[in-house]
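One chain is shown next in structure tokens, namely the form predicted alone.
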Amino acid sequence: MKQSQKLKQRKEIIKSWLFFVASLAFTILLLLIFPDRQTAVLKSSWQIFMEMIVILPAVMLLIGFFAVWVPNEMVVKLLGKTSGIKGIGLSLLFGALPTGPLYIAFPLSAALISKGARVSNIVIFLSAWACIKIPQEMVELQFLGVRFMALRLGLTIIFVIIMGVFIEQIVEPKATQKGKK
């Protein structure tokens, strides 16, 4: 069993590197086709790289603390299969509170899934992080009015929940099928 797990990890690493090399080759090809865009692409890439270098180590440290200090039972209770409406509400709240780029939420989501969080709650969390931010709602209220903000927020919440449940129906059966093989 340990051997097959190592083999699986090795395959995942190889796939990641192949994707990286293919992306890099495609980028170089595009830069050769459109040489006038090289400066803008390189400048933008450097800015994103520097942002990630500053943010990601702190995020990884926090994810490490989360993995060690937060018990699996707590995650299962609050966001697991039996969490129901409470899990949906917490997922919406946890996704709407933080500010920052969405790529920060992905390692946290992976940690939550590994601790037993429900797929629908993770989709809701990620979608709330991307679409529902408390500071964003205040700015939206100021510029677009209460009616617009309330309608957009209400519809976003409804469709985020529907999307989470729908994606779980697609992902869960596939995970179950993989487990049976």
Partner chain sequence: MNLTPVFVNIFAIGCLVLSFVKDKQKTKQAVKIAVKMFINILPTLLLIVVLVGLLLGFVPHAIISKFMGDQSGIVGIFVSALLGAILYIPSIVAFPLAASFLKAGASITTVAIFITTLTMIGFVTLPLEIKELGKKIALLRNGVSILLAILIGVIIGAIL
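We call the rigid core whatever largest set of C-alpha positions still superposes within 1.5 Å between the two forms. Positions refer to the first chain, counted from 1. None of the values given here were measured: they were computed from a predicted structure.
One more form of this protein exists, namely the form predicted together with the partner chain; it is left out here, but the text below deals with it.
Novice: Could you tell me if V165 has a non-hydrogen atom within 4.5 Å of the partner chain in the model of the complex?
Specialist: Looking in the model of the complex, residue contacts with the partner chain do not include V165, since no heavy atom lies within 4.5 Å.
Novice: Applying a 4.5 Å heavy atom distance criterion, does M74 contact the partner chain in the model of the complex?
Specialist: No, no contact at 4.5 Å.
Novice: Does the 4.5 Å heavy atom contact test between L93 and the partner chain in the model of the complex come out positive?
Specialist: Answer no; every heavy atom of L93 is more than 4.5 Å from the partner chain in the model of the complex.
Novice: Check whether A110 has any heavy atom within 4.5 Å of a heavy atom of the partner chain in the model of the complex, and answer yes or no.
Specialist: Although the partner chain is absent here, A110 would touch it in the model of the complex, with heavy atoms inside 4.5 Å.
Novice: Let me know which residues along 17-55 have a heavy atom within 4.5 Å of the partner chain in the model of the complex, or say none if there are none.
Specialist: Residues within 4.5 Å: W17, F19, F20, S23, L24, F26, T27, L30, L31, F34, R37, A40, V41, S44, S45, Q47, I48, F49, M52, I53, V54, I55.
Novice: Answer yes if the Cα of M74 shifts by 2 angstroms or more between the shown form and the other one on a rigid-core superposition, and no otherwise.
Specialist: Yes; that C-alpha moves by at least 2 Å between the shown form and the other one.
Novice: Since the Cα separation of K11 and L102 moves by 3 Å or more in the model of the complex, tell me which way: closer or farther than here.
Specialist: Closer in the model of the complex, by 3 Å or more.
Novice: With a shift of at least 3 angstroms, figure out whether the C-alpha spacing between P71 and I104 grows or shrinks in the model of the complex: closer or farther?
Specialist: Those two alpha carbons end up closer in the model of the complex.
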